[in-house]
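Presented below, as structure tokens, is a lone chain in the form predicted on its own.
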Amino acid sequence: MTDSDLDSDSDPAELAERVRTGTLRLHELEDHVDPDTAAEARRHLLEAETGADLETVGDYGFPAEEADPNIENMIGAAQVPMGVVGPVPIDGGAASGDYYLPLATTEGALLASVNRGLSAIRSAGGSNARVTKSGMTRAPVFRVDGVVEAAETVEWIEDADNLETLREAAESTTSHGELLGIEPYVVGDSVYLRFAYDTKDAMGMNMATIATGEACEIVERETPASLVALSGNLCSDKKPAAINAVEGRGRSVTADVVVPGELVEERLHTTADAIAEANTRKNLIGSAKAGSLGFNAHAANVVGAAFLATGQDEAQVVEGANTITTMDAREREDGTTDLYASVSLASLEVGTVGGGTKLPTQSEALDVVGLRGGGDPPGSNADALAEVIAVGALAGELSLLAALASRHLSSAHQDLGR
């Protein structure tokens, strides 16, 4: 069988049979036919091999070639229901105005709950939000002979001229990324260098990896250190990690609101004191007893749904769960008690360019937020998206804590049939 024979035969069932018999590999289909036909051939193969019916998987609404940078061995699309919450007024460092937030999830009652929280925030005049720190990290690990060579390596890294040399090497690989700094860590004969980058409107993981690889060649050439792995897990990517909760990764973002006491009672059917107590005993004390890195009710719910809707790396919801929720009862001069509520997300890794943000569905969702593509100045769109997601997480925390404080959580799910 020749390549020309394959090119002339685009029948998906025949192609599937050739994959099954071993004359063609599963990942080679796009070398001979267009991506949609290749995906159909794989569905034929799987239906024959497993007995599954993939009609719905194959009913997707964009050309398969547009997903080429995002998936291998494509068979179709996983269609997660998408809804929208909002609008809500946000006064942010980058976000300014009223925003809708698309959320994709299979968890019934989530959007209803978030929308209830946003309604309270909207009636309170909106939320403030700020990105307080930004930097995507990559931390390679090097081998040295011992602590003497480790100290020599660290001393070389911390020299201002050498740092500038590493900055020039790293930034030569990207037209947008900027090296913010390098933090060294020594563990015996291992040296970890935690590079941090301003990646503008990109989430920037690939950008940081490529740039760090270029810099590592200089470290190896100029110091006793030998590179073992380009990622030494001190980054730390897609894993619960205290370093991200403390130092941040991606964007550290905070949102807050003061909800008047009468609104707490009218919209959330409880009191500021009750919500504050529930937060202290559940999110703070309970989380501390559990050894949790996240001190919140369910911030990852909103982060995950926003990530799926807007094309973020869904595995980085792990870092998005590094959130601390605070709720305080504040007494006014007239004796009324208002509720101060905040969320601080230490490591929210988002972008509005690159990766899954370019997929058609996700691009449309970013258009709903009004934040697709690069911002002016660069980085402002991703900052704004982080602030909008943070306000969504704040709304989710308000609503859930109110439901717990008023003992309405189970009845709310029952009423919605979830």
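What you see is a predicted model, and the numbers here were worked out from it, not measured in a lab. Residue positions are given as counts along the sequence shown, with the first one as 1.
Not on display, but discussed next: the form predicted together with a further copy of the same chain.
- Under a 4.5 angstroms non-hydrogen atom cutoff, a further copy of the same chain in the predicted complex has Leu103 among its neighbouring residues.
- Among heavy atoms of Pro377, none comes within 4.5 Å of a further copy of the same chain in the predicted complex.
- Residue contact check for Gly232: one or more of its heavy atoms lie within 4.5 Å of a further copy of the same chain in the predicted complex.
- Among residues of the shown chain, Asn162 is not one whose heavy atoms approach a further copy of the same chain to within 4.5 Å in the predicted complex.
- For the three residues Ile75, Ser292 and Glu314, a heavy atom within 4.5 Å of a further copy of the same chain turns up in the predicted complex in every case.
- The listed set Leu166, Ala124, Ala94, Ala321 contains one residue whose heavy atoms approach a further copy of the same chain in the predicted complex to within 4.5 Å, identified as Ala321.
- Along 222-258, residues Ser226, Leu227, Val228, Ala229, Leu230, Ser231, Gly232, Asn233, Leu234, Asp237, Lys238, Lys239, Pro240, Ala241, Ala242, Ile243, Ala245, Val246, Glu247, Thr254, Asp256 each place a heavy atom within 4.5 Å of a further copy of the same chain in the predicted complex.
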